[in-house]
Every structure is written in C-alpha cells, then in structure tokens.
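Just one chain is shown here, as structure tokens, and it is the form predicted alone.
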Amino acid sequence: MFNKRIKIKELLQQEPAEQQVTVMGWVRTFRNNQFIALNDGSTNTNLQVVATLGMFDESLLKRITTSASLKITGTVVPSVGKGQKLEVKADTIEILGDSDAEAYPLQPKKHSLEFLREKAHLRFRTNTFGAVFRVRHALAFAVHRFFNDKGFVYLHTPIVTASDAEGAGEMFRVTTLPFENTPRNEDGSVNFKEDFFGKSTNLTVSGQLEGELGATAFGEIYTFGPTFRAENSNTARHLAEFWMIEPEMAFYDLEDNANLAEEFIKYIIRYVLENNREDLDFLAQRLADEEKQLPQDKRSEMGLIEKLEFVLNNDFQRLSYTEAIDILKESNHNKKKKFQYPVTGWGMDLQSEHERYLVEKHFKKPVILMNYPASIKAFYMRINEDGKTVAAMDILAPGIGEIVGGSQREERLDVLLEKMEKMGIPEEELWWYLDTRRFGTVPHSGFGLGFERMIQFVTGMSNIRDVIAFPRTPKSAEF
C-alpha cells in the first residue's frame, strides 16, 4: 500500500497535469482548516495540500496538527498561491500518527541551535538540519564515488585496536574487566591478560596504520569510518566520536599526495553544488542572515556558494612550514600582538588562529602547508634530506583551519626503527607494521580528512556538533 506514494521533491519537479497521487509526510502547518503544508524530508519545500471546506469531518480536521503524519490521496492541480506551481487537492486524508501540538517541542518558530541540540532526536525535522543532513549524505556518497572511480579498494579497518596511531594517548579504553576487584600484577599494574582480548585495547583514533598494510598489497585503498578521541575539549571544533576518510597510496610521494587531496576536496564540493543546490542555497541564506548580527570585521568576505565556487576555481596555495612561519612572524597581526598564541619561531606548533590567518587574511584561499619540523609530527612521517623536517602536509580551509593532515610515510626500516626508539614506541607492539618495510617496502603516502570539518566547511555551520546526527562530547552522550 505505501509503495505507491510519490516523494514531494519528485512531485514538485513535475508539471500539474490533473494526475492522481498519494503523498505521505508530516504536517508543518495547517491554516484556515483548509491548507496543509506537508513535508516528507526529501526537500525543505513543503507541498500545499488543500482540504476543501465541508468535505472532511470536523473530528479528522482537529487531528491535523503540527508533526502529525498523514497519508493523502488527491489530484495535482495548478496552484493559485505564490511561490508554487502546483498543489494537491485532497480526496482522502488518513492520519497515520497523531501529534499533540501543545506537547510537541518544536513549535512553528525559529529555535536556537543550542536548544535544538537538546532535541537532537527531533531536530532533523527542521529546515536547517534537513538541509545539513542531506548535504552530509551527498558528501559521503561523493567520497565513495571518487575513490571507486579511481580504482581504490574500500578497506574496513578495526574500531577496536591495540595501537595508538597518533601517539597522543587520548584514547577510550575497551575492557570487560570489572571495576571492583580488577585483576592486578604483582607490581600493582592492571593484568590485561585477564581481559577479553588478552591485552590493553582502545577505540581507534585512526585507521591509517592498518590502511598502510592494505596499500602495500592493493596499491591504493581508503577507509571511511568512525574514530574516537578522549580529549576533554568542549569547543565548537571537537567531538569525541567523529568520522575520518583516510586514503593510503603505494608509489605516491608527498606531491602526489597533495595533488590527490586537492582533487578529492574539489570533487566532493562540485558533487554537492551540482546535486544539492536547493539545500546549499537555503544554508547560504541562513548564514548570511546569521552574519548580519556580527560586527563588520567578523563577517565572511564571501557568501557560502561564492566560497565553494572560489575553492573549485582556484589552485590551492602551496608553501613550506618555514615560509609560513616567516609570513606569520612578519605579519602586522603578530607585531600588534593580536594572536592569542604569539609566533615564537621555527619549531612551534601552529594554532588554529595562525592557520586561519594564512588562509583568510594572507592568501585568501585554501593553503597546503608542507615539510614540518620532525619534532612536532608523528613517528611514521618520512624524514627529509635536511634531517630536520618531515614530508608532511596539512590543508587549511577558510573558517575552520586544518581540514586534511597527511604525509609521505617513512618506508626505510632502519630510519623508522631509529625514530620509534627515540619516541619510546616499542618495536614489538608494531611488529606487523614493520613487516611492510621488511618485505617489499615502497614509497607511499596518505592523508586523513575529518568528515565533520568538511561538512562544516560546505554547509557554513559554525559548530561541529550541528553536522553530526548525535554529537558525543565530554559529559554528553544523549540519544
């Protein structure tokens, strides 16, 4: 019975030809006991359904309230109202699910994003989140299409892992050991041999190390899955659970890596511009309205659509970390002490404000920073000939800073072993990783793209919690 319905988005693209249709959806508004604004989530645009006066029972009309779900069969006719070319004249109306209008938390008015985060189970029903999550879907689809068309193998890397790829140590422990009477060794440390996996395990922060194993067999792979970081950071940029896209490519050097990352970002942006223009136009207008409340110097120089098209139509600016430090040191921003973290010189870790200055104020376009000091980067990055820097690259985007982090990987076994020893990484824990350097090692590279940050960039949403369905943050794991 339900399969005969037509989606509202599809119906609105047709010409009114007196055809009979069945539509289903939720009531947004009901005016004058006659005009139902119906929405089924396929588009932000509501379908106007006309319930001819006197044709329907008063008891039925009383049940047509905000968020009640309806099945309506009727005739498509040209609309006399403004802003729509067609409407449906209802022949039958069936209430599929009642909704108590008084108790329903989302009244037909503007709600703050903070309020909607508390109602994350219902916020998909608003126009803003309808647009954001349709865009999120399109971006995810575009990711798979890009890599599939290039012949990459999609590899599912483990969520439970015994290794810390980043070396940051901020990981969620996975254990079945009891909190009371935890088994201990003689020295008082936890006896993980008694645990489910027989060793200490965590939720993964990255699929990269396992991804490298795949790349040294298939040539090119990508991962796309959830990653976790137990960083106690309650900011608009951080989540405890987020999604990462991590390609790894054999026979790629740092420049090949940067070229692929730039092509990839442009591809998925182009896909959304071509396939989700209605949602992007809505989000662009929303952002413009939001920015009107800000002082002039805090407003974006470009609108959302303009920014996305600018990224597509311009080469990303490439420069070395060393050049970036010189630019930052000499900037008026630094000389006038406007940075929260002063630019101390070569060897410092760049903060988000430094990255955004380079992108938004200096170059005014996305930036690919390359060749960072070895001391601030991970053990697996390839040491350059100068002995001081590694073949790393970060892509910085307007509004959010780093969006991609990657490197050419250290393929020389002796150099890798020396670095691991210096950083205190036990060789026996990563014996399997080192085997890829023992048996047919090759130059190879890869990068990670934070999916939520990419969605923020494309949608203009300022808080990362508003681009993931159910945000996981310190002291918050609702829904």
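Numbering starts at 1 and follows the sequence shown. Everything quoted here is computed from the prediction, not taken from an experiment.
This next part talks about the form predicted together with a small molecule, which is not shown.
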Does at least one non-hydrogen atom of Glu231 fall within 4.5 angstroms of the small molecule in the predicted complex?
yes
Is Arg453 close enough to the small molecule in the predicted complex to count, meaning some heavy atom within 4.5 Å?
yes
Mark Ser206 yes when one of its heavy atoms lies within 4.5 Å of a heavy atom of the small molecule in the predicted complex, and no otherwise.
yes
Hey, in the predicted complex, does Phe339 get a heavy atom within 4.5 angstroms of the small molecule?
no
His238, Arg270, Lys89, His144 - the one with a heavy atom within 4.5 Å of the small molecule in the predicted complex
His238
Interface residue in the predicted complex among Gly405, Gly214, Gly74, Pro366, criterion: non-hydrogen atom within 4.5 angstroms of the small molecule:
Gly405
Option from 112-120, 315-323, 396-404, 291-299 whose residues, in the predicted complex, bring a heavy atom within 4.5 Å of the small molecule:
396-404
